[in-house]
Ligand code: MLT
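First comes one chain, alone, set out as structure tokens in the form predicted alone.
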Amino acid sequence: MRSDLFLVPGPVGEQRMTGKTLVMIDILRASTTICQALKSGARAIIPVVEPGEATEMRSKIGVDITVLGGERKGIKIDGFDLGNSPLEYTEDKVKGKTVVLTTSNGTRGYNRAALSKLLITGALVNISAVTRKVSQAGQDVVILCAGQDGDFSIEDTLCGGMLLHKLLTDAKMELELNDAAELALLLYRSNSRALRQTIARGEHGRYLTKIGFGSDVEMATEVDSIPVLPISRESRIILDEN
């Protein structure tokens, strides 16, 4: 089985994802927030690119049954209900509702993934559930790291490397890796005992801590703490019940 990892989403066209399992990773913080929202009982998450799209979507769906979530430069967008901190997505705020989410990095890749056969949202908090689903699917996999403002991010690459490591060791899969996947695997194996420290020292980890979201970094690095499996169907991210 072939496994291609991309350090940033920019150069990846839809044809690279066609008919494959696609794992979207943005652990700081969209992927972690999506996992937490579903754990807290959200009916679905609709990822969109721009804040204007989010408000239009809310009007179409219905104000009473939706929650607007999103950030720019890490800070909650004016007029939105929630930002992008997973700690905000509690049952009392999202249970039974559809979350329309727009973030600086993590939600931008979903609209390009329509041709993938299976689309999974992956993070450290649900890494074992993602591993099982990818293994069960048994098809070529693309791991797409959201990065940070178009640049490499250490946290997403580490998570991708951990997924590859678990597919190779836990699931006993034979993988043909591209060079970026080999790099991610090496990065993870070199830092597997210091994931939180490495991510906290990274550029985005430092920035979030500086603006008051250090607790989000801690939450996002708690491996398997939110063992849900978010999959996408008809442009909505929902819980996989299988």
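Quick caveat: nothing in here was measured; it's all calculated off a predicted structure. Position 1 is the first residue in the sequence shown; the rest follow in order.
There is also a form predicted together with the ligand; it is not shown, and the following applies to it.
Colleague: Given that the ligand is not shown alongside this chain, does Thr103 nevertheless sit within 4.5 Å of it in the predicted complex, heavy atom to heavy atom?
Modeller: Contact check for Thr103: yes, within 4.5 Å of the ligand in the predicted complex.
Colleague: Taking any heavy atom pair closer than or equal to 4.5 Å as contact, tell me whether Ser116 reaches the ligand in the predicted complex.
Modeller: Output for Ser116 is no: heavy atoms all beyond 4.5 Å of the ligand.
Colleague: Does Glu71 reach the ligand in the predicted complex, with heavy atoms at most 4.5 Å apart?
Modeller: Yes - in the predicted complex, heavy atoms of Glu71 and the ligand come within 4.5 Å of each other.
Colleague: Going by a heavy atom distance of 4.5 Å, is Leu28 a contact of the ligand in the predicted complex?
Modeller: The answer is yes: Leu28 has a heavy atom within 4.5 Å of the ligand.
Colleague: Report the residue, out of Ala44, Val48, Leu185, Leu208, that has at least one non-hydrogen atom within 4.5 angstroms of the ligand in the predicted complex.
Modeller: For this set of options, the contacting one is Leu208.
Colleague: Of the listed stretches (158-166, 90-98, 105-113, 118-126), which one has a non-hydrogen atom within 4.5 Å of the ligand in the predicted complex?
Modeller: Heavy atoms within 4.5 Å of the ligand in the predicted complex occur in 105-113.
Colleague: Taking Ser153, Arg196 and Thr221 as the candidate spot, are all three within 4.5 angstroms of the ligand in the predicted complex by heavy atoms?
Modeller: Answer is no for this spot.
Colleague: Taking only heavy atoms into account, state which residues of 216-240 are within 4.5 Å of the ligand in the predicted complex, ordered by sequence.
Modeller: Residues within 4.5 Å: none.
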